[in-house]
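Just the one chain here, the form predicted on its own, laid out as structure tokens.
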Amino acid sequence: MNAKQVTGSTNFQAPVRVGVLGFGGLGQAAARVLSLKQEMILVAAADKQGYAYAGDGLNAQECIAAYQSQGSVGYLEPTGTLTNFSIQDLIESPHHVDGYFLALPNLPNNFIASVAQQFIESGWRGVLVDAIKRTSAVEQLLGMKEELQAAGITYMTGCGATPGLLTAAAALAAQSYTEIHRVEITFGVGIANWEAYRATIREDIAHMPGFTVETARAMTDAQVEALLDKTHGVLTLENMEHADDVMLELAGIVDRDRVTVGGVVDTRNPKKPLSTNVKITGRTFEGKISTHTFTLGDETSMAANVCGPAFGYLKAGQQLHQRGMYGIFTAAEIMPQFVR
């Protein structure tokens, strides 16, 4: 695969060179999304056992085939490298990567922050984007703002579906009101096989009553299977610790205690159990109470609603980085840019 040129523009710009950290279900979907883009090109991918890098672009299908058949993109010839320190080895290599999508499980709760610290210590400069969920995890990253600024890193956090796409929709819809009363996010996720998204499902289990991040992380696949058998494959989640709250509060839109997030995940059926939506209720300047509702199409998958926004925010982050704007930004502060 050769680097793709951007069409329809008189000023040619080389495509943004993107790396994907984590190559489970979300990382593989991210690779497939990038294969359809002109303005971005996948040059690096990493998993637990290794990484692959190709300056002129990796073939998404070849990466996915290597991962699914041998367990790591590190087996990909001739671009793969097998290593138990894949993230560190990749970012400390001389390979040129403009930005990374952290398609990583945030188990334990400080994992994404620890990866960000590796980037800071490596001396790498560029754009990072995550699709992190938990409020406490985002708060850890917010506390690293000055370190990220000093390192020349532009970090976009909470840039998946929720938080991310729906948080941004809430921030936009809030403009109709002089006072926001509540923001309610409800999501429906349907997947045919939970094993394709093991880390995501474990993170969801961690939000259930009686579970913590630690207990969910420690569960074996057999224990997850047993839990799903009890629930007929359906996870019902209420009042989740979701970073939409801190992001909307930080943007000055609404206090975090007025933001609620919940949903239903069906791990045995690709059809969504309910439509994903965000409702924003507030008072207009005329004194009227109203609710805006933004609903995602049922045909769009979780992966489509996470990866699309993530790369849109990566593009926005790249523009900020080129203007010398470093530090940390959230999906409620910056408008994503569509990636052609």
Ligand code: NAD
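This structure is a prediction, so every number in the text was calculated from the model and none was measured. A residue's number is simply how far along the shown sequence it sits, counting from 1.
This next part talks about the form predicted in complex with the named molecule, which is not shown.
Proximity to the named molecule in the predicted complex, taken as a non-hydrogen atom within 4.5 angstroms, holds for one residue of L90, L104, V265, L248, which is L104. The partner is absent here, but in the predicted complex a heavy atom of V306, alone among L34, V278, V306, A44, sits within 4.5 Å of the named molecule. Contact here is defined as any heavy atom lying within 4.5 Å of the named molecule in the predicted complex, and by that definition each of L26, T162 and A199 is a contact residue. The shortest heavy atom separation between I132 and the named molecule in the predicted complex is within 4.5 Å. The named molecule in the predicted complex is approached by K48, whose closest heavy atom lies within 4.5 angstroms of it. Looking at A60, you'd find every heavy atom of it more than 4.5 angstroms from the named molecule in the predicted complex. Contact between G22 and the named molecule in the predicted complex is found at the 4.5 Å heavy atom cutoff.
Heavy atoms within 4.5 Å of the named molecule in the predicted complex are found in one stretch of 223 to 231, 80 to 88, 249 to 257, 142 to 150, which is 80 to 88. Contacts between stretch 241 to 269 and the named molecule, counted in the predicted complex as any heavy atom lying within 4.5 Å, involve no residue at all.
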